[in-house]
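Read the single chain below, which is given as structure tokens and is the form predicted on its own.
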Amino acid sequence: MGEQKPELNSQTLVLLHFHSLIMNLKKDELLKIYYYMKLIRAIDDRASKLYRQGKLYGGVYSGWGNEATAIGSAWALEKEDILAPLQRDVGATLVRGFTPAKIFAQYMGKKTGYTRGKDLNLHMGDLKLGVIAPISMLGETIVVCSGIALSFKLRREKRVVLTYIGDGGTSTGLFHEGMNFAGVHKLPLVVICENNQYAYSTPLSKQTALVDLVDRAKAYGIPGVVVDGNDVLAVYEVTKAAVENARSGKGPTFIESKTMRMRGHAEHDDAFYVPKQLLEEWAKKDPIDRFEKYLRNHKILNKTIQSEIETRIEKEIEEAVQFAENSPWPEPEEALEGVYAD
């Protein structure tokens, strides 16, 4: 396919396994993507340990196995765009400027966290960085983002909204309402379905007769794209094409990222219901291992550079945890500050 750029036509299913847009990515960008993938996995690993030590509050939702989807998609956005992540997309927030220190402070309910100790750990956003906080009722996010996208269209702003939904979330009523509204009004919205194979403990085959969730896009009259969600460059490519499509006024795109949730729904869930053979199969497709192989084959990553990145991440994690542990608790009188508009 060479340098061919994917064209997203209405109700077209595009299956992409080639990397046409990565020619625009420089060596330092590829290494930064690798760094973010390694960083979010390190954050997840430490959060898991801290959770078991009783130092974190609320649930801990790991993005282990979803790093390529979160980071590859976020890398396709421009600074003025809006990102609305879900619980497994903390890696995407790192790309937007979130820091490990404030993330751990958020996990611990400290005053220095993104919600200043007012909300559960992953309900964090920062409007200055263009990040909308996740909503637990997952379909709600699609409706909110459709509204934001409508405001961009009415103001004639060349901005795009990117959000996510789980495979289970595509069966909710609000998901359908939001997607239909975006399709009717050709809104600058990109929705990525992280098909993790399981909605909590319910396998995909038990919640829908569809083999490919991307087929839902046909009902909304919008383009549908399916991508290997463990290939960070493929995710970047299809998301970049969808973002450019939306920015040019051609409307929304629905992307199905086929990936796997390698841990339970949250840290309290040991995922006993997932067949071991399935986990072993997906472990061989680990997104970080695959990207490392790619970078090595293209003479971008070597042992020295990898060691430097890993040392940097280890230092950042230790400093972040120390910052969070030493941070103050919120004061009781601050409970209502920043909750209501003036």
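Don't overthink the numbering: it's just position in the shown sequence, from 1. No experiment lies behind these values; they were computed from the predicted model shown.
What comes next is about the form predicted in complex with a small molecule, which is not displayed.
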query	finding
Contact residue in the predicted bound form, chosen from 224, 183, 166, 100 - any heavy atom within 4.5 Å of the small molecule	166
Contact assignment for the small molecule in the predicted bound form, among 250, 118, 265, 153, heavy atom within 4.5 Å	265
Site check 84, 129 and 159: each within 4.5 Å of the small molecule in the predicted bound form by heavy atom	no
Location of the small molecule contact in the predicted bound form, chosen stretch of 90-98, 72-80, 192-200, 144-152 [non-hydrogen atom, 4.5 Å]	192-200
Distance check, residue 136 to the small molecule in the predicted bound form, heavy atom within 4.5 Å	yes
